[in-house]
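Given as structure tokens, the chain that follows is alone and in the form predicted alone.
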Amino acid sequence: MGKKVIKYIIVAFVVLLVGYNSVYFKKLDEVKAEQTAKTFNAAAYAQNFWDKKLTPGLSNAIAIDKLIPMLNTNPAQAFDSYSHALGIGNLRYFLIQGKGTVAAIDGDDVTVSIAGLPEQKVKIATEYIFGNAARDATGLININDFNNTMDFNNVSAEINAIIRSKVLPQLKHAKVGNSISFTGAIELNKEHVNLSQIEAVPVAVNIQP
């Protein structure tokens, strides 16, 4: 046997050995179990957050008739004390609570005149519920707890779906002149605070004749 043939045999043996060690098998049920563990249930997460964190913590929301004067006189303190955000940008989220009188109703929102601040109006969204305000206003969800941004964003979508199914139907019965108390999430730009166009994503409402 020539040296060249021996060389080819050695190379072939090495290739086969590496290939053998590179291939391994798992039971099908083990693979399925791993895939299931990696599947994130955004709807279940959102419902748990709603039931165990958001709803029990509504009393911690800042009163709008307290927040507005602070935003007018000391906005930096207001943002530092009561807002939350994931990044370092200018958009910040507040969880607010307030009461007042229904001043106007249109297809997209209910306008509320705030008790104690007769010139201040807050629009409560009744149609388009989207974005991350309800998710981020409490500061109770940490993006680092998620494996990817898709799961994190899906939580927002599921929280908004809960709002559409549980909260918005109550607002459909609102009439001008009704007394209303509410808790909701608002988004403000700390560099360009516009208090004349506050819109709240409702989390809880109570309407009285």
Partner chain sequence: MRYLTVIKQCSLYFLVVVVVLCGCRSGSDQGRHKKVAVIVSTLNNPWFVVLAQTAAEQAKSLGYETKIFDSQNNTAIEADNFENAISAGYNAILFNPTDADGSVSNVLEAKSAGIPVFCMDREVNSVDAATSQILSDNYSGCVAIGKYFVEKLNKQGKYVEILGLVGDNNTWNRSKGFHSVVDFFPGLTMVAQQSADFDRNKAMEVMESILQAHPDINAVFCGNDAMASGAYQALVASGKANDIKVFGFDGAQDVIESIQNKKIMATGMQFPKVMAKTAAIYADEYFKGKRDFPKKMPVAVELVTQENVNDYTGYGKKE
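If you're wondering where the values come from, they're calculated on a predicted model, not measured in any experiment. Positions refer to the first chain, counted from 1.
Here the subject shifts to the form predicted in complex with the partner chain, a form of this protein not shown in this document.
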In the predicted bound form, does every one of I88, N148 and F152 come within 4.5 Å of the partner chain, counting any heavy atom? yes
Among 43-51, 136-144, 176-184, 64-72, which stretch has residues whose heavy atoms lie within 4.5 Å of the partner chain in the predicted bound form? 136-144
Using 4.5 Å between non-hydrogen atoms, is D108 touching the partner chain in the predicted bound form? yes
The partner chain contact at S83 in the predicted bound form, heavy atom, 4.5 Å: no
Indicate whether the partner chain has at least one heavy atom within 4.5 Å of a heavy atom of Q97 in the predicted bound form. no
Any of the heavy atoms of E127 lying within 4.5 Å of the partner chain in the predicted bound form? yes
Stretch 174-209 - residues with a heavy atom within 4.5 Å of the partner chain in the predicted bound form: N189, E191, H192, E199
